[in-house]
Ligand SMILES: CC(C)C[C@H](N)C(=O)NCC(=O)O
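Consider the single chain below, provided in structure tokens and representing the form predicted on its own.
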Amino acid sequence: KITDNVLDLGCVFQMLRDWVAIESDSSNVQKRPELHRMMETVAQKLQLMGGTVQLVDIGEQELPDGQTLELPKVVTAQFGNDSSKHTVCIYGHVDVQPAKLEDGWATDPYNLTEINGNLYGRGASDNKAPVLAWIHAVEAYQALSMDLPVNVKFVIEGMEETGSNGLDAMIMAQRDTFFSEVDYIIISDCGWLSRRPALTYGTRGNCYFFAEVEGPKQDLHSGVYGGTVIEPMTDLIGILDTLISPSGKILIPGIREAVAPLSDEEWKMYQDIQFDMDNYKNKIGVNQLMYSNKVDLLAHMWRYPTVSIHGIEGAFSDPGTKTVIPAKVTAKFSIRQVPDMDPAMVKKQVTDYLHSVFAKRKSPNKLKVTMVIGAKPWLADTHHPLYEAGKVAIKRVFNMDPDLIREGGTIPIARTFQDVTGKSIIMMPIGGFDDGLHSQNEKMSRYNYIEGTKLFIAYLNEVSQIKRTSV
């Protein structure tokens, strides 16, 4: 019964168009009314479908200038309350990254535009279409006058792109109420690796650091003072150069030693994944990658830590020339976390190491190292019945076996759900590998949107057949 006829395609696409038109940019406080409107729109849709819906107040956000701003409410909803059935909780978000036509978009980012079967618009893939696909999956059962095979709960937030402010506390507060009857949690905030459907079973965490070097009491003119002072920028560049080698080897003692070894089973999984190295190079516009074979590249993308240097605050970066010696500069860098790394230990290792390197320079300047994010990685068991059910559903809808993949990025909510609720989690993406998340011309293909909705319909049925003894 999973056919296009079950879905009112005109309504399906119009709803995505309506949702994309709401400029729910969570990073722009001027857009906060739009964000509130987005959450109310989600709640109204779920209410019209007969769900038990709540708009949960999660408090206020403190702005850098000391002002406070109301956070967008989290939408929770429930469909079905049959104690004999499994209960799944679907997480998604409806806030988006910033987007402007002048950034290089070919179309208005907030006017969903179809070109050659692709639906272009900010948030189309990340994460509005996947959220809507889950809603349409519930609607499909209703349209067929069929009982849902499982109870379905939704948790939909509006601050994911800026760190999910207030969500962790809300999950903790409702652990023994809203989440108490939940058996499984499903996240569809990720994408395929290739044209082959995928199931995602792991993400990397992230430790984000500031390294500040402070010297003179004010910026200096290099013509007047150059050669007479030990410059903070020189110190900073010097210690940053000791973090990682040109070949990508992390030089901080203890980091690599903490990483879980690559098993034979994992190696074989990577070997079997559909991945085109040349397409990957062309997509990002480079002629050489750090590693020359697929397994090494995927392993370093997903299951090994990396050091990335993101920028230097306080340095001159405007066009033109300015002969300044900055008095204080702050480097921003991150280390992606993997099992079995512990962010608290990484904080100590990085801080101790940079101070030891800095001490050898015998500089009169001051170094301050701060870790501002410490997100843990998440890893699931691919043999869990949730994943077995996912394989069956993908085979049914796409007539092929999925790739089992990990995400190199960080989705902190997965680890929060795991730690707070203790529930089993699966990530089931429907976004394409070329959707351009966070980039110009973000899109969701008609194919992925509709077939992804069918996948969700089929998956709910497969999850209903998981035996209680295997939970």
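Think of the rigid core as the biggest set of C-alphas that the two forms share within 1.5 Å after superposition. Throughout, we count residues from 1 along the sequence that is shown. None of the values given here were measured: they were computed from a predicted structure.
The form predicted in complex with the ligand is left out here; the points below concern that form.
In the model of the complex, at least one heavy atom of N206 sits within 4.5 Å of a heavy atom of the ligand. In the model of the complex, the ligand sits beyond 4.5 Å of every heavy atom of E139.
In the model of the complex, the ligand sits within 4.5 Å of a heavy atom of H93.
Contact annotation: L46 falls outside 4.5 Å of the ligand in the model of the complex, judged by heavy atom distances. Stretch 160 to 168 is the contacting one of 160 to 168, 313 to 321, 267 to 275, 253 to 261, since its residues have non-hydrogen atoms within 4.5 Å of the ligand in the model of the complex. None of L437, V53, V56, V420 but one reaches within 4.5 angstroms of the ligand in the model of the complex through a heavy atom, and that residue is L437. The listed set L35, L404, I411, I426 contains one residue whose heavy atoms approach the ligand in the model of the complex to within 4.5 Å, identified as I411. Contacts to the ligand in the model of the complex (heavy atom within 4.5 Å) from stretch 329 to 345: R336 only. With the core held fixed, P197 shows a CA shift below 2 Å between the shown form and the other one. With the core superposed, A124 shows a C-alpha displacement below 2 Å between the shown form and the other one. V150 shows a C-alpha shift below 2 Å between the shown form and the other one [criterion: core-superposed Cα displacement of 2 Å].
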